[in-house]
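Below you'll find only one chain, the form predicted alone, shown as structure tokens.
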Amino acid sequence: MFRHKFPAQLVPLAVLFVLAMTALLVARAFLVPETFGDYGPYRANSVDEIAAQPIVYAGAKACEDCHDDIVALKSDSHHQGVACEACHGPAAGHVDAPDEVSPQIPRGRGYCPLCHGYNPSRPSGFPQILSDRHNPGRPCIACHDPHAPTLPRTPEECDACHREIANDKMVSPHTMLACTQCHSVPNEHLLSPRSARALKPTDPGTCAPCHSESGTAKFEAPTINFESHGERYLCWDCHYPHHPEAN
């Protein structure tokens, strides 16, 4: 009677379904933690495990109780929103035994770039550097006070948005050239940079005043014969103008 009611072609599917459900139940028994789901979609025992961990962070208030001079200095600086322990690490041990445990002081070059390393997704104007080009070998705190950091030079109009180019140019022989030496920048570009573009040079004569053998530059710069050098190519087809080779 059963064979008449249950189609034979569905028997293999039913067997596979039973096997799959059995495998799922067995896997759940071994893989899902015992307390999963007691309080929500997570392991309830984790709450007790985390609560049992020792407290290693002291909080900003604990720092303020002893280092009020640093707090006053930092409160008016660009780092006023940065917690002390963000740079100095967990300080609960130092609070409990100030003479025995000293907080870490990041004296190298690897810590500050976590926030100030160049990243195009960061806001325009946010201080950013290329670590391998920005005063290589010198620790950050040699030039910057981390409790009251100030920029040694305020970003200029172009630097604020074109930081990567500015970093390249800063260490190049063209570091002293103003951007407008080569680019025509309409005032509208400063207000609406996408609708009013800065213009790039289109004539190799742009480089001639400094690099022509008959140029008028009063400083030492590589010179060429513009009539025979490069012929039909523009200068920037071969030379990167923001960081040109020196010779």
Partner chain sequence: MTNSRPESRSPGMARRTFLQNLSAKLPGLIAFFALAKPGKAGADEPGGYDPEQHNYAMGIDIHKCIGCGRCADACKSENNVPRDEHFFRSWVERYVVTTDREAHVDSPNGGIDGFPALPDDTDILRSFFVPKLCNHCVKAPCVQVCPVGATFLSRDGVVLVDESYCVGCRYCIQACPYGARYLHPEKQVADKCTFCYHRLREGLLPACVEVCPTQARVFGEIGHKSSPLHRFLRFNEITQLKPYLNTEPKVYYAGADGEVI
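Residue numbers count along the first chain shown, from 1. What you see is a predicted model; the values in this text were computed from it and never measured.
This next part talks about the form predicted together with its partner chain, which is not shown.
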### Query
Out of the stretches listed (198-206, 66-74, 182-190, 31-39), which one is close to its partner chain in the predicted complex, meaning heavy atoms within 4.5 Å?
31-39
### Query
Does every residue of D48, Q53 and Y111 put a non-hydrogen atom within 4.5 angstroms of its partner chain in the predicted complex?
yes
### Query
According to a 4.5 angstroms non-hydrogen atom cut-off, is A58 in contact with its partner chain in the predicted complex?
yes
### Query
Taking 4.5 angstroms as the cut-off for heavy atoms, does H211 touch its partner chain in the predicted complex?
no
### Query
Any of the heavy atoms of P123 lying within 4.5 Å of its partner chain in the predicted complex?
yes
### Query
So, in the predicted complex, is D168 in contact with its partner chain at a 4.5 angstroms heavy atom limit?
no
#### Entry: in the predicted complex, the residue from I105, M176, A83, A97 that sits within 4.5 Å of its partner chain by heavy atoms
A83
## Note on the structure
Picking from C158, C115, A148, L130, the single residue whose non-hydrogen atoms come within 4.5 angstroms of its partner chain in the predicted complex is C115
#### Entry: Any residue of 173-209 that, in the predicted complex, places a heavy atom within 4.5 Å of its partner chain
none
